[in-house]
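The data below hold one chain only, encoded as structure tokens and taken in the form predicted alone.
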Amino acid sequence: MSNHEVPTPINAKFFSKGAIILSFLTLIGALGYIYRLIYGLDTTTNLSNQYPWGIWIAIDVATGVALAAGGFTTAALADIFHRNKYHSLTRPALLTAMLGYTFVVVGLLADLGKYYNVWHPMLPSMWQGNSVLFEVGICVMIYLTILYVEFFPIVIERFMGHVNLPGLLSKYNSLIESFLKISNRTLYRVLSLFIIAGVVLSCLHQSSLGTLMVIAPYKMHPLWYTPILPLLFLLSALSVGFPMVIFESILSSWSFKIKPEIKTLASIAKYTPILLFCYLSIKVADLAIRNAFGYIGETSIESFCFILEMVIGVIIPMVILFQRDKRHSIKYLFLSALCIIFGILLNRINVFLVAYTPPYSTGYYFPSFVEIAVTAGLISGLILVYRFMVIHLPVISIQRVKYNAVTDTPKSESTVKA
């Protein structure tokens, strides 16, 4: 990290025009969420015995977990493989992952029929080692805890030495300061163990989400059903990890008018086309081995969605990012990251919804207004919480100059909140 780049709270007001719109969407989503918890799935969703899952699983859970992969991929690169020049990206990636998994759990509660029993996996007496869902649930539960532990040093950094409670609470200032100092020393010694555990757990449950559909060979379209679906889910999550970090970093720089870390982003982007090429190669080999290529030529919604997923989500960004000059362009970096994110979203929708056909289906699934409102509300709420935390905590590393996103030039000296 450059001496001119330090993690610092961003000097910006919270309620921008965009934040106001997102607040409205979050409110609508929250009302829909409460309505679902009170009146149940049958009243608020278009789910049925034939279609037991919808966009709350495909988007809120499966896509959300994949897009949170930037946390463990960046942590592995910077802290395990000691590529220190990427440390400036680890905090935003960690925050994105922590909030991503938090909102995944919130979204999952809406999809569970008996959401009030979600604590059951905490009890060893209720464990079921043969269940893929149990493995996913327990890994997500432990990994989310690890993410909060990893993020706590950032909170300590912000408040240690600045505890100043008012009035009668002031007598606790020294006690809180001592707690923060002891916590900081302790976490410094063991944090690497949490990082390694987080990477391992992430790989386990990213692949296990694909395992969920392996048990339904006769209900899925051959373009997506494969015994190696867990491997493809893991590779796709690895492929979207760095693009998600790039997308978040560029979007933050535009939103807060700070200079993007173009050299660091271009450097981390060079790994993505290699991962995409590996994913594409395995995908093509799998189709060839299973003699499933012929399904691509069908004039069906499945073949169209498959082609769209592979072209926009894999081939186009891979071609862009293999070119060094394109990797050093903010516009091309953002475009390629956006394509990969869209490809992951489409892949998860394809696997869990488009490819899935119940044997005795009497109709088609399309999400209800409440399902769409809750999903939009969760995404909007995540963005708002992210904005709040980077404004108040030292998450984003910035150069102390304002940045004009239109002209790509420094604007003026920035007054950064300490």
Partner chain sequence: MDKDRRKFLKLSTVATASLIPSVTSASTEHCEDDFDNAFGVLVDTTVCVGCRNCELACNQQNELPEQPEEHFSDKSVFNSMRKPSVEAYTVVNRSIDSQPSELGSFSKIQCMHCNHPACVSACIVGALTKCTHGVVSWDAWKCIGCRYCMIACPFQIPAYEFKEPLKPRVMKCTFCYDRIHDNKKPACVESCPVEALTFGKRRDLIKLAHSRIETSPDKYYDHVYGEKEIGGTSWMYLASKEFINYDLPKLGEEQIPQMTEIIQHGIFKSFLPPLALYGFLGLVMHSIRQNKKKETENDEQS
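Numbering follows the first chain given and starts at 1. Note that the structure is a prediction, hence the values are computed from the model and not measured.
Absent from the display: the form predicted in complex with its partner chain. The rest refers to it.
None of 280 to 288, 218 to 226, 96 to 104, 156 to 164 except one has non-hydrogen atoms within 4.5 angstroms of its partner chain in the predicted bound form; the exception is 218 to 226. Contact here is defined as any heavy atom lying within 4.5 Å of its partner chain in the predicted bound form, and by that definition not a single one of Thr145, Ser236 and Glu248 is a contact residue. When its partner chain is considered in the predicted bound form, only one residue from Asn84, Ser300, Thr186, Asn173 comes within 4.5 Å through any heavy atom, namely Asn84. None of Phe134, Phe342, Phe322, Tyr295 but one reaches within 4.5 angstroms of its partner chain in the predicted bound form through a heavy atom, and that residue is Phe134. Using a 4.5 angstroms limit between non-hydrogen atoms, Pro367 is distant from its partner chain in the predicted bound form.
Contact between Ile307 and its partner chain in the predicted bound form is not found at the 4.5 Å heavy atom cutoff.
In the predicted bound form, its partner chain sits within 4.5 Å of a heavy atom of Tyr356.
The closest heavy atom approach of Glu261 to its partner chain in the predicted bound form falls outside 4.5 Å. The partner is not shown here, but in the predicted bound form the stretch 181 to 205 reaches within 4.5 angstroms of its partner chain through a heavy atom at Ser192, Leu193, Ile196, Ala197, Val199, Val200, Cys203, Leu204.
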